[in-house]
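Okay, so here's just one chain, in structure tokens, the form predicted alone.
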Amino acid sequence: MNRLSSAARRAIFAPLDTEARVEAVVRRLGDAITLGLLTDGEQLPGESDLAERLGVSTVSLREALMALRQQGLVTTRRGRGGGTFVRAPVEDLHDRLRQRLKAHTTEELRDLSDHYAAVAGAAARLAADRADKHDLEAPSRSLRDFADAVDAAARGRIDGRFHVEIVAAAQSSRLTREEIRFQTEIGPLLCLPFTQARIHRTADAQHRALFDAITAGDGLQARTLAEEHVRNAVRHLIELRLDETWQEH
């Protein structure tokens, strides 16, 4: 069952800002599947509905779905009960992410951290100002799920979902799409340090403090905590990137 909030789902399926292109649809849906925002076995909306939501023609959408099928990210079943369904990536996630992290320089990671922290901080401040009890139900569930997650991949997926939910609670479509873009670029990598229980516990405590600040309407504290959380997470990635022992595995 997909527990993503309706606001975050609207951001995933929002019309594309640029000229309709097959590649843009493949990237949008492929990223959402890789990040676990669209879950294994979940049925996508019908072609006409999905094409309308994304603002592309049905021809372009069909080409994009064909590309996603070739990548093994969706499958299509005909007949009664048929449709297009999400397939979780089957390749070795840890190896793929390790290679992806090694492709980044430490300077690139620091620059990314600065940019992401600025967006996350602004979104957290707005969430504290704007979110009501209903808006915070989804991140509250993700908070509990993250604490209970027992493996790094699950912790990474729920961590990404929690942050998308927080930005969705800020009620800004642009910031939500920007958060999804960051999650696409760096979110999957952030699960790598979650193999360590200590880092998982620290992140859980930071999530709870951030959520409490938003619930209390303390925008300044929420922004500060969100910025610190992002910088702390990326610092763990940089430490892994510089660990020669880790790179030899």
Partner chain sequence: MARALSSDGDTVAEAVVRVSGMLESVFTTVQQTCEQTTTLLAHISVRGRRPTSADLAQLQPLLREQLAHDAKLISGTGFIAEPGLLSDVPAWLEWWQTRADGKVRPMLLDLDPDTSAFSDYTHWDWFALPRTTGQRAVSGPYVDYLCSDEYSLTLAAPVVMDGVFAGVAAADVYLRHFEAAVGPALRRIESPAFLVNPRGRVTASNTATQLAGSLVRDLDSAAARGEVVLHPCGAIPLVLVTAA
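Basically, rigid core = biggest C-alpha set you can superpose within 1.5 Å across the two forms. This is a predicted model, so every value here is computed, not measured. Numbering follows the first chain given and starts at 1.
Heads up, the form predicted together with the partner chain isn't pictured, but that's what we're talking about next.
Candidate site formed by R53, S172 and T176: every one of these residues places a non-hydrogen atom within 4.5 angstroms of the partner chain in the predicted bound form. A heavy atom within 4.5 Å of the partner chain in the predicted bound form is found for exactly one of R141, H104, R98, R87: R141.
Contact annotation: of the candidates L210, I180, A64, L29, the single residue with a non-hydrogen atom within 4.5 angstroms of the partner chain in the predicted bound form is I180. Contact annotation for R130: at least one heavy atom lies within 4.5 Å of the partner chain in the predicted bound form. Not displayed here, the partner chain is kept clear of R77 by more than 4.5 Å at the level of heavy atoms in the predicted bound form.
Looking at T39, you'd find a heavy atom of it within 4.5 angstroms of the partner chain in the predicted bound form.
Interface membership of V164, defined by any non-hydrogen atom within 4.5 Å of the partner chain in the predicted bound form, is confirmed. From the list 104-112, 117-125, 155-163, 67-75, the contact stretch for the partner chain in the predicted bound form under a 4.5 Å heavy atom rule is 155-163.
Relative to the superposed core, T224 undergoes a C-alpha shift smaller than 2 Å between the shown form and the other one.
The rigid-core alignment places the CA of Q43 2 Å or more apart between the shown form and the other one.
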